[in-house]
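Coming up is one lone chain in structure tokens, specifically the form predicted on its own.
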Amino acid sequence: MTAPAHQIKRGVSLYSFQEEYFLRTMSVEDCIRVAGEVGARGIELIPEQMIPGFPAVSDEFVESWFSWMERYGTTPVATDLFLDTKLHPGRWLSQEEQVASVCRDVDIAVRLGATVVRAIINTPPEVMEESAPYAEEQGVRLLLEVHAPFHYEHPWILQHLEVMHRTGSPALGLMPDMGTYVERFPRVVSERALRDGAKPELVDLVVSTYDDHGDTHALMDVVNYRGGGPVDFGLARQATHYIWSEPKAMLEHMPLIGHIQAKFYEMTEDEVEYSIPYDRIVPVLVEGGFDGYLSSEYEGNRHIQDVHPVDSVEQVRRQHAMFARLLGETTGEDA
């Protein structure tokens, strides 16, 4: 058997199971068990969502966490931080407070055995720079989330890249979200808008404008002139939050890329993502020598929960079947 010519690994953000976790039909342990079963061995966690008592992390939780890792053949990979800049009424967090918050989240990652912390997109570059020495000391990488509608030529991303290149800190890098490669408007979103009362002709306009890579920022005006209502305006605004860009843009920045948030909205029965062309994304990651984790991030639940129960487990399973195929993995059945 020939080994795949890459070192890309598969993982999952437990955020993918948010629907079941919220409804208490799945526990944190259940999420980790399912991850192991579908071959998503790298675990990404949102501590605020799934650690009781956050920001405190009890010895009991840590003990359980590592026992689950051993039991289900998984490994801690990443945690996600949120920078609560409006934590206090009437004022913004100072830079000193923001750095302290980031360092606190680095400590949480270390307790959980994770070596990557996702820095949310609104984290200022000066906060990343000041936090980097502590993260490096703790053996953790702070990776800025490149999230739609941001891209590598966006002024905010350029400011971060300037810090990363100027300091050369090994603790700083990028975590691209594959929501920056939405080639087709997610149909679970447009179908939900129709169920919520959007005008079919305006839904068609939004979807066709997006799919044709037209001027999505003009849609609000057109919807207004066509007598659109709140749902129509919401859909038009959503079209400006999705973006399509060329996946090869990642190649230039590959040395900084340490983790991939593998966003998806709908895995079809054919095990293909409806909106995001992973068959063109994965080869770019292979070409660039990416050796981190493709971490599933399912966000279709909120768009279908009004009509039928959400099955996040099946959606994640389908995505990992697709990843296994695209990465050239073989199973016992294939041998």
Partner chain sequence: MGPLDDQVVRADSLTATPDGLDIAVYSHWYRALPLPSLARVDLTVDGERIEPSSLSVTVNGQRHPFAALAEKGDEYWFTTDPVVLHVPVETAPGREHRVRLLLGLSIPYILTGPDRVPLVAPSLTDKTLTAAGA
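All values reported here derive from a predicted model rather than from experimental measurement. Residue numbers count along the first chain shown, from 1.
If you look for the form predicted in complex with the partner chain, you will not find it shown, but the lines that follow are about it.
Residue contact check for M50: one or more of its heavy atoms lie within 4.5 Å of the partner chain in the predicted complex.
At the 4.5 Å threshold, heavy atoms of V57 stay clear of the partner chain in the predicted complex, well away from it. Shown alone here, R166 lies farther than 4.5 Å from the partner chain in the predicted complex, counting heavy atoms only.
Residue contact with the partner chain in the predicted complex: F82 places a heavy atom within 4.5 Å of it. Put simply, of R71, R195, K86, R226 only one has a heavy atom within 4.5 Å of the partner chain in the predicted complex, and it is K86. Contact annotation: of the candidates R302, R33, R280, R41, the single residue with a non-hydrogen atom within 4.5 angstroms of the partner chain in the predicted complex is R302. Just one listed stretch, out of 63 to 71, 280 to 288, 263 to 271, 41 to 49, contacts the partner chain in the predicted complex at the 4.5 Å heavy atom level, and that stretch is 41 to 49. Taking the partner chain as positioned in the predicted complex, the residues of 8 to 41 that bring a heavy atom within 4.5 Å of it are, in sequence order, Y15, Q18, E19, Y21, F22, L23, R24.
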